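Shown below, as structure tokens, is a lone chain in the form predicted alone; questions about how it binds or moves come after it.
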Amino acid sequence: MPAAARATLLSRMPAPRHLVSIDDLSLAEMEAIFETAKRYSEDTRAWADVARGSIAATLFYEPSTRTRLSFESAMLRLGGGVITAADMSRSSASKGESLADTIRVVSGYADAIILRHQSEGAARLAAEYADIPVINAGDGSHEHPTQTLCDLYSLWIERGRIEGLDVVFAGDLRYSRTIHSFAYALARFRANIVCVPQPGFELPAYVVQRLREEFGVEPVRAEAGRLGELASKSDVLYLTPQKPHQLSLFTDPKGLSVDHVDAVYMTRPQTERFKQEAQLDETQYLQLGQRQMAAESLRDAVVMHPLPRREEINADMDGDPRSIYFKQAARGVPIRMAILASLLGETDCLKGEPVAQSPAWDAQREGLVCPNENCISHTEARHVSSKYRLASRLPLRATCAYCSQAIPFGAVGCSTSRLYHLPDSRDLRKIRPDHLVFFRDAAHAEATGYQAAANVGSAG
């Protein structure tokens, strides 16, 4: 088909659904995917007509075993085909081809793209340039939504529900993209999270802030004595959707007592993402074995791990009926079958319009810079126009539209009044979002022709 004719045809087609973040799915859509995956799991060989003739392209800029193989297995089980570039260091990327160009080219070869990339926000950028569904198979330390769906599915199968469960996160919570996606999803399902980090590898502040501001999750100091040896070296944080007045009913000065746990989610040290300042003696890393799981509160807890593991889960746990990490890995096939079938339009799991995202505004025009050096806005400068989203109006907070990290600013103006305010000014609530102008500091605002709003009665 000539390029012009193809462009006309594509312009008439509905925009594809992407799975870049776990936020791209509603709770009802996730539950529909779980039901579909459960049906597929009864006999994964019985669905070879679902996606016959469709092709998935797997583009992996980072090494992968489970994610890539489970996606390829899922597509083949559905009767489709796979084209793969499992080592992008040997692709045109090694010649300097941009991610945006690669995505535009591969969109003409396949019906869906499964992307793993080392830069945070890479999948969001890919979705901007693709006219077929993009599935995020992990972008740096940002998100890994299909692993999250697999984890949620495992909890749903094992416990029969997700809402109200108490889930322990243990190990490297700072760099684990799986943890970050899982935290957001559990918050949406109104489950509780108990953070037991390796010291120095706590859940990032921007993740905790987002959980609080967007999902109503309250961070509470926890009294972890009942967790036994598992929490003997960690400062434990309890993240719960309970409201502050409800928390006051069952907390004391020592912190909230963790009496029962439904699942322990262990993570390895993500050494491939460590920053220079991150130091770790792996011989001192958190261990999970029969001794640590002997605490009364953990008696019925299932043990989960996204794999691969190193030494953080002892081999003596492999035969323990509470350990489900190998089941978890196996469930990656039916859940990814359901994801692929849904995004290809072969199921009715994705009903209605996609979850609405807040508008993204041009950041470069205002001199804003994402502070995350590994953000795609830094590593793919040729095709990225830096963007930000408003994460909160009071306090006013802007985040990178690609990697979700907070963008610093020192003054905020109104484009109609040409007045600027300090970031904590309550007058900022009166300004329309599309009239907000962000500045590095007051001097930057004044150099741009704005005046201080001090002693002025109203904002523009």
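Computed from a prediction, not measured in an experiment: that's the story for all the values here. Numbers follow the displayed sequence, beginning with 1.
There is another form of this protein, the form predicted in complex with a small molecule, and it is not shown here; the text below is about that form.
Legend entry - Residue among 64, 417, 41, 26 with a heavy atom within 4.5 Å of the small molecule in the predicted bound form: By the 4.5 Å heavy-atom cutoff, the listed residue in contact is 64.
Legend entry - in the predicted bound form, the residue from 145, 306, 140, 197 that sits within 4.5 Å of the small molecule by heavy atoms: So the residue touching the small molecule in the predicted bound form, by this definition, is 306.
Legend entry - is_contact(residue 174, the small molecule) in the predicted bound form, heavy atom dist at most 4.5 Å: No, no contact at 4.5 Å.
Inset, instruction - Flag residue 116 as yes or no: does it have a non-hydrogen atom within 4.5 angstroms of any non-hydrogen atom of the small molecule in the predicted bound form? - result: Residue 116 belongs to the contact set for the small molecule.
Inset, instruction - Please name which of the stretches 43 to 51, 387 to 395, 401 to 409, 64 to 72 has residues with heavy atoms lying within 4.5 Å of the small molecule in the predicted bound form. - result: So the stretch in question is 64 to 72.
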